[in-house]
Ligand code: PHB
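So this first bit is one chain, no partners, the form predicted on its own, shown in structure tokens.
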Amino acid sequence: MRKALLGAVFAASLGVGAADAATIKVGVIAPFSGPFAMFGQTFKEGIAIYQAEHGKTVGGDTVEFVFRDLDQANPAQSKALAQELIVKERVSFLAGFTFTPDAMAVAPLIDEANIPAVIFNAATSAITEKSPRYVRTSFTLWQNTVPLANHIAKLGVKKAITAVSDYGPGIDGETAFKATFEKAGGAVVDTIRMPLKSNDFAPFMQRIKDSGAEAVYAFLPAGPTTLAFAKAFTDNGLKEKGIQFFGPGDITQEPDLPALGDAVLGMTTSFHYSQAHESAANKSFLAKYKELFGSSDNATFTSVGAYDGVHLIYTMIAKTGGKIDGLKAVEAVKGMSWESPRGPVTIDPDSRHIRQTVYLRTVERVNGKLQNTEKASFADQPDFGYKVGK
């Protein structure tokens, strides 16, 4: 049954990218409804901005985006949607993917159909190891965590605790923090793994409080869970007790800052994008955001992941003359560098993951508005987790 299914997928892919094709379709799988709908919304906005700036054609072919809603992590449904996009919509690319299990689920399909999958968000290092047709324009937890763990150790923190969502990226973050912090002379006194759908964090806060840790490293997927965790940290008195709160920038993504309020003032995170990044490319990106959508308040790392993902897709189309062969398309962008709204980036030819500057940011109120102000930068950071232990 499975062999027949994949055979149908492969057969459908043979017509993809034919010389007479007038439209090249890109299937985007992401949450467009439900609690994580902000991901889908910002993906769409990033795509729209890129096409507003660069048009909807490449070499005479029209690039069309076809969207499919996956409201929460569900690898079986992700695979079913990918199958539909490949067989019925005859897409030349898959893209999007908010959660790691959903991205990994499509590996056999993209291999059989020989089409690329451009990851806009999902952040577990192992994803690109599952197929040579994956390429990623977001980040990994290893990439953002290693500089942060070293920074915390340099602050003189000796004891820390980790609290992460119990799935691929969270485990990557926990592993990266522990390995780096302990190598720098610190001790991780406890590791907490929280169910992905947790919404009551009081028991975890008590465990953090009782641990004797001076600092907590936390990772949860951006959205309602990070908002609830950050609020619970303040409401349960951990800040007053002097426990320092650190994590990757998912915790303080820009759309959540108004709701988080003063509770996150002074919080330090490490991340690859901030609205406050001072560059001509970012100012232009935010200006176009405001022009198209009336405000740039929702501009965040997922917007930029999609924006840069479209840049990669356009380049693949241009370099292959619209004849999309998955392996050749990915090969064509290995080592490619450009100036993103986040700063200078490169597609690593080995990991097919984006190398980029990671910034230490502190939440500050500037002109009455909360922002992630960049305080230090670490240039050309790779995915430190690629093939770890192999």
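Just so we're clear, the structure is a prediction, and the values are computed from it rather than from any experiment. One-based numbering along the sequence shown.
Keep in mind that the form predicted in complex with the named molecule is missing from the display, and what follows is about it.
Classification of the binding site as open follows from the superposed pose of the named molecule in the predicted bound form: not one of its atoms falls inside 2.4 Å of a backbone or C-beta atom here. The three marked residues, T124, F139 and Y167, each reach the named molecule in the predicted bound form, with a heavy atom inside 4.5 Å. For the named molecule in the predicted bound form, the listed stretch (238 to 246, 176 to 184, 281 to 289, 91 to 99) containing residues with heavy atoms inside 4.5 Å is 91 to 99.
Out of the listed residues Y217, Y134, F233, F301, F301 is the one that sits within 4.5 Å of the named molecule in the predicted bound form by at least one heavy atom.
With the partner removed from view, the residue among A222, I115, M316, A82 that has a non-hydrogen atom within 4.5 Å of the named molecule in the predicted bound form turns out to be A222. Taking the partner from elsewhere, F39 is found to have a heavy atom lying within 4.5 Å of the named molecule in the predicted bound form. Shown alone here, D308 lies farther than 4.5 Å from the named molecule in the predicted bound form, counting heavy atoms only.
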